[in-house]
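One chain is shown next in structure tokens, namely the form predicted on its own.
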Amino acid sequence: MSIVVKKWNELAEVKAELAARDWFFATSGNLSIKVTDDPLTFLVTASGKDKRKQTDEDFLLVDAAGRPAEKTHLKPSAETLLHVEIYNRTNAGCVLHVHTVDNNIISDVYAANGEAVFSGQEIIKAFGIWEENAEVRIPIIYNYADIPTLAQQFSTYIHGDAGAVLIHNHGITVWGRTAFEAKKHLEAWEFLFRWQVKRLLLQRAGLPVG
């Protein structure tokens, strides 16, 4: 089995899991997985596809600039430049971007703060943080319509081989050293977002919360 086929299958499994959670509304979202380091190539979701379906045109191979590395009629996701920034700046092996109702609400509620902060949740251990009452923060950046401008702003928050950024009303982008790590972190962030949204609703209803 070639490395491209192996990585294709790995990314397809992640896509299927996220699709089962219904995290790909209206063809939104984009995923990628690194194939080679030198030269840098990675598989990325093709633009405009229904990601809840599995086809032989779900992904295409692109180069370090996000351009197709092979002859194809497919177009890479419009936000491939964000993936390019991550792969060129880190040793990340996988990047996942999804739009959910909860992550959009959190990005909107805390946009003025420039970040969302969570603490005291057991799920934070998924990030490898084991301190009691640990705290995690995720930056929230402005949703520039111009993708190169968005990618430039996004790049200032890339600080390691694993990380995450919320784009205001435009979903979360998570990256990790492996597909497993990226998916685990994405699931942990989405848990925190959903928990906080429900907590805010309980507070609004006047019910006691910690």
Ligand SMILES: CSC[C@@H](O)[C@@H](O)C(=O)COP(=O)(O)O
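Everything quoted here is computed from the prediction, not taken from an experiment. A residue's number is simply how far along the shown sequence it sits, counting from 1.
Just so you know, the form predicted together with the ligand exists too; it's not on screen, but the next bit is about it.
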Review point. Among 34-42, 174-182, 47-55, 65-73, which stretch sits within 4.5 Å of the ligand in the predicted bound form, heavy atoms only?
Key: 47-55
Review point. Is there a heavy atom of R89 no more than 4.5 Å from a heavy atom of the ligand in the predicted bound form?
Key: no
Review point. Is there a heavy atom of S155 no more than 4.5 Å from a heavy atom of the ligand in the predicted bound form?
Key: no
Practice item. Although the ligand is absent from this view, report whether G163 comes within 4.5 Å of it in the predicted bound form, heavy atoms only. Key: no
**Study point:** Partner proximity in the predicted bound form: A78 to the ligand, non-hydrogen atom cutoff 4.5 Å
**Key:** yes
Check your understanding: So which bits of 141-178 sit within 4.5 Å of the ligand in the predicted bound form, heavy atoms only?
Key -> H170
